[in-house]
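The data below hold one chain only, encoded as C-alpha cells and taken in the form predicted on its own.
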Amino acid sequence: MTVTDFSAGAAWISGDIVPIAEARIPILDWGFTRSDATYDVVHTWDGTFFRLDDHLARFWRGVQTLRYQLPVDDAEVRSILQQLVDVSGLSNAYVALIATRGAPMPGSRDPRDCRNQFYAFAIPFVWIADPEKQKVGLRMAISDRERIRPEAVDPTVKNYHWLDFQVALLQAYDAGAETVVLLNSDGNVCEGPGFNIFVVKSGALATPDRGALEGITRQTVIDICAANEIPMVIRPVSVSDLMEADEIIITSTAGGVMPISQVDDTPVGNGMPGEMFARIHRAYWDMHSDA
C-alpha cells in the first residue's frame, strides 16, 4: 500500500487534497493569465491558527469586491484549511487561500462568463527574516520604482500585482540589500514585497496611511501599541522619516515582526534591532501562546 507523503505541504485543488508538489491549476484560469485573483495568508503556530477570523473577513471582502461567486462558503473554507494542516502534520504552517476568476466559456472575454474557483494550500511556515536574521536585522533599499497606485489597483484587496515589487527587489539584491520598500505617487513610503512598515522615533510609531495592504500583522502591532499605551499614528511617512528613524519595523504573516537595521547605506539607529522592536516582538509572540 502506497502512503502519500504530505510532509512538504498539501493543496486543495478542485475538491481533492494533493501533495503540494502535485498541485496544479488550469493554464487558462484568469488567475494565472490575468492575475484576476485575490488571496489571503494565515498561519498556524503550535497547531493553532492565528487571527483566522480576521484573515477570512478580509478574504471575503476581496471576493465580494471582485464579484466572485465561489463554490465554497465560509464554513467549508475553514474546514478545508484545517484539513490541509491536519494532513500535512505541520504544527507551524503558512496557509494560503486563493480565489480566481477561473476560465471563461470558449471564445468569451466577458468575466461574467467565468466559473470562479477556490484553491488553498499549506506549507511549512515561511520567514521573510528567520529568528537568526532577526538578531541583526535586514538591510533594506529604497526603490525609485513607484508602487501601483491605489486608484488603479485597490491594495486593500490582497492581490498578485507584484511586478513592481519583483523588479524593485531584483534591483535591491543587485545593490547588496536583502529587501526593498517602494514609494507611492506622492513620494512617501508605501510598503514592501509582502510587508507593511513602521518607523519609530522618540518612542512613537508611525505607519503609512495610503497605498498599502492593511495587513493583519500590521493591525496586530497597532493593537499591541494601544494595549501598552505606546504612541502610534497612521499618517504619511516620508523618506526623511525613514532615514531619520530610531528604529524601523516591518510586519508580515511570513515572519511576524521583524527589524530593519540598514536603509541603503545608512544604519538605522545604532545599526542593530532596538528596544521597541524587542518589546513589540515579544508581545506579538506572547499573543500566540495566549491564543
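Residue numbers run from 1 along the displayed sequence. Note that this is a predicted model, so its numbers are computed, not measured.
Omitted from view is the form predicted in complex with a small molecule, to which the following refers.
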property: Partner-contacting position among W30, Y39, W60, F49 - heavy atom within 4.5 Å of the small molecule in the predicted bound form; result: Y39
property: Residue among K158, R139, R210, R78 with a heavy atom within 4.5 Å of the small molecule in the predicted bound form; result: K158
property: Contact label in the predicted bound form: I216 to the small molecule, heavy atom within 4.5 Å; result: yes
property: Interface membership of P111, the small molecule in the predicted bound form, 4.5 Å heavy atom rule; result: no
property: 4.5 angstroms heavy atom contact with the small molecule in the predicted bound form for R147; result: yes
property: Heavy atom of W162 within 4.5 Å of the small molecule in the predicted bound form; result: yes
property: Which of 225-233, 246-254, 259-267, 63-71 sits within 4.5 Å of the small molecule in the predicted bound form, heavy atom basis; result: 246-254
